[in-house]
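Below you'll find only one chain, the form predicted on its own, shown as structure tokens.
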Amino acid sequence: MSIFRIHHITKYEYDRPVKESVNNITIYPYQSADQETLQQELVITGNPDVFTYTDYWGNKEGTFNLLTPHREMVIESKLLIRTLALPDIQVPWDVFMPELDAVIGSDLQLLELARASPVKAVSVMYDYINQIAPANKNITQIIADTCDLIYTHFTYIKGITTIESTVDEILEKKAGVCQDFAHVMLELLRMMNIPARYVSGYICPNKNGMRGEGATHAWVEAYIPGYGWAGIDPTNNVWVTNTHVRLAVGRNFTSCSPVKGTFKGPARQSLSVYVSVGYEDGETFEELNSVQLQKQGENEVPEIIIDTFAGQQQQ
């Protein structure tokens, strides 16, 4: 059991006033038995009313409007959360594909999460699958071997991919960050008919120097019959335990984008993102990133992703 203090600020500045900013936020911790929200303070420019609801994937989401002209929008979350998962995960190693196939057929969401997306480099993916899944392997071993393959064959490098990089582009580079590795792992598992979902959140300090500590992070959850969703982190080649805090789950990154919205106004925007994660002993990890976004054309009503990962991928 661990308690973390997470401070997360997304700040937009505009070179001229914008208006009618309509936004959707998914920055509330995911409700589950392995984490407990003790306190969350949410402060938004203009103090708008936030309407909350539960989306298709079970995420708590909120919507708000900033109708008056403004040159700055700040979304600040101060979170105190307790993780309840065990430090050592106990997943079953005696479940095989026929059991999973029987379960998938009666669950529409599992069917959707087992459906692979089109990939041009199909032969490359099947080369990997042939290394991962020889006959008679149990499901847990397949998941672990997929994670290990990505960790072994792909290089962790910041700045060579973007939030829009495709699986084909990541396969070509054989490098990227956590968001990229999660997307590749999702497609490999789905091509083997294993339901898998994308997870966004934070990886909290565990003093072991894992990649992505103190920042926004992404990993994968795979479905194991009789157990449920097992989290696994291909960036660090570990099963997810009590140092990962979930914000949202979905089919891919776009399902989990913490903040997205639209506004009216031909403005140039600048975005800065600050994340601080404090461990219960007082040790704090933090990250600050800035990015200049493209200028919109006159009288456009652009759709923008204004989230913690726009210009700063999950690391």
Partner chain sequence: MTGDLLFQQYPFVPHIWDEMKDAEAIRRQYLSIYETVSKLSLQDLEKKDSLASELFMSQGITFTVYSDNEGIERIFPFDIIPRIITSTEWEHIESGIKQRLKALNLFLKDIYNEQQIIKENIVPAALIATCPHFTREIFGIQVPHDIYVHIAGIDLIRGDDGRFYILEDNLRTPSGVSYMLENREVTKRIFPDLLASSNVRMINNYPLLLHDNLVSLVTRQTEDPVIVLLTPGMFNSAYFEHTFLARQMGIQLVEGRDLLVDNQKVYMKTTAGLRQVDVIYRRVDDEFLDPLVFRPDSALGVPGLMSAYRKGNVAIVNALGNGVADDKAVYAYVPAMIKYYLNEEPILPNIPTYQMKNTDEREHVFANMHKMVVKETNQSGGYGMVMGNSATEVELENAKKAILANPRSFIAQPIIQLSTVPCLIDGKLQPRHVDLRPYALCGPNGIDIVPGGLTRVALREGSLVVNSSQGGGSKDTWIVDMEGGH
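Keep in mind it's a predicted model, so treat the numbers as computed, not measured. Residue numbers count along the first chain shown, from 1.
Not pictured, yet referred to below: the form predicted in complex with the partner chain.
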- Message: Taking 4.5 angstroms as the heavy atom distance cut-off, pick the stretch from 266-274, 51-59, 242-250, 26-34 that is near the partner chain in the predicted complex.
- Response: 51-59
- Query: Do residue 84 and the partner chain share at least one heavy atom pair within 4.5 Å in the predicted complex?
  - Reply: no
- Would you please decide whether residue 122 lies within 4.5 angstroms of the partner chain in the predicted complex, comparing each non-hydrogen atom pair? no
- in the predicted complex, residue 115 touching the partner chain (heavy atom, 4.5 Å): yes
- Taking heavy atoms only, is residue 45 within 4.5 angstroms of the partner chain in the predicted complex? no
- Query: Of the residues 159, 228, 105, 98, which one places a heavy atom within 4.5 Å of the partner chain in the predicted complex?
  - Reply: 105
- Query: Using a 4.5 Å cut-off on heavy atoms, what residues in 241-271 are near the partner chain in the predicted complex?
  - Reply: 260, 261, 262, 264
